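Next up: just one chain, as structure tokens, the form predicted on its own.
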């Protein structure tokens, strides 16, 4: 068995000790976490450990127990984090305006939102499209979480009841779909492979259970897919990753893009997520990776804290997403920061028509949070992937960053 080096173990222990003070879950929530933990331990029985991606998959999606499968509140002030649609209605209204050229140019163009959160974005987009007389025949939502699907239905019935009949929920990607596939903060929540460089070779990181705790462990066997990808990264960046370098690879996100590409017959896949191009993602100074956890609006780095009760994410390597898209027959129509996409799509236009001083002040504050570099503006990126569609979006024209991929 290959075990982590003393330095590697010490760094991970130090990271866990530096966690912020986190509020204790309720007794009921702790019971759910304990049940999921027992299931994780049982899954480790055969091999003694689980690859981290499998641990993350179960922690987030295990039926009835995983973070996105159980009934705990996730979004908004009562949850664990706030997304851009929850932060400001201007985000969704601007998206509605941004995608209208695609809906107009693609025959029978519809919208498919994957992972629709609380349903706020869907409701705001529908309301804006209705105001602009640009409603598609159907607005589809792909949502696997029963709890979130129920919240989405409630949100839409409350906010746009007259448009509720246009919304349809599905359990999988359509075999043939024309229009716009929206994925806001989807890819970062898909299971990530994690690795550490040991002896010049990338070793996949696994999770074991010792002394009633989950612990990191380097894999017993080489994962050729991980090794091959790290070698590719080193070749493209013309630099070897240092001993002890830790990072992530989102193979699941790449695979999802390829699957979605098979469904899309004509139109655009619009991906909004936090991440970087490969040269930045695997920079020498980013030697601890991007794995982060969110619990009660506190961000930390311990994925073993009460499994099933917190979100676990990793940044997106957008170069890998672009490569996967090209392999699947898509073209990269645009790649830019969230700030440039929203500004190019006219988010500040909403201020011109606002006469109430308090609303104007609130909207200005919201736009700053969505676009300023120290807020969401630079960390979040937007990528447009197209098939049988030549429509250009203004959101990608303000700053075209495709040359950085």
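This structure is a prediction, so every number in the text was calculated from the model and none was measured. Positions refer to the first chain, counted from 1.
Not pictured, yet referred to below: the form predicted in complex with a small molecule.
- Contact with the small molecule in the predicted complex, defined as any heavy atom within 4.5 Å, is confined among 123 to 131, 103 to 111, 223 to 231, 137 to 145 to 137 to 145.
- Every residue of the trio 85, 117 and 186 has some heavy atom no more than 4.5 Å from the small molecule in the predicted complex.
- Among 246, 218, 190, 96, the residue placing a heavy atom within 4.5 Å of the small molecule in the predicted complex is 190.
- Among residues of the shown chain, residue 68 is one whose heavy atoms approach the small molecule to within 4.5 Å in the predicted complex.
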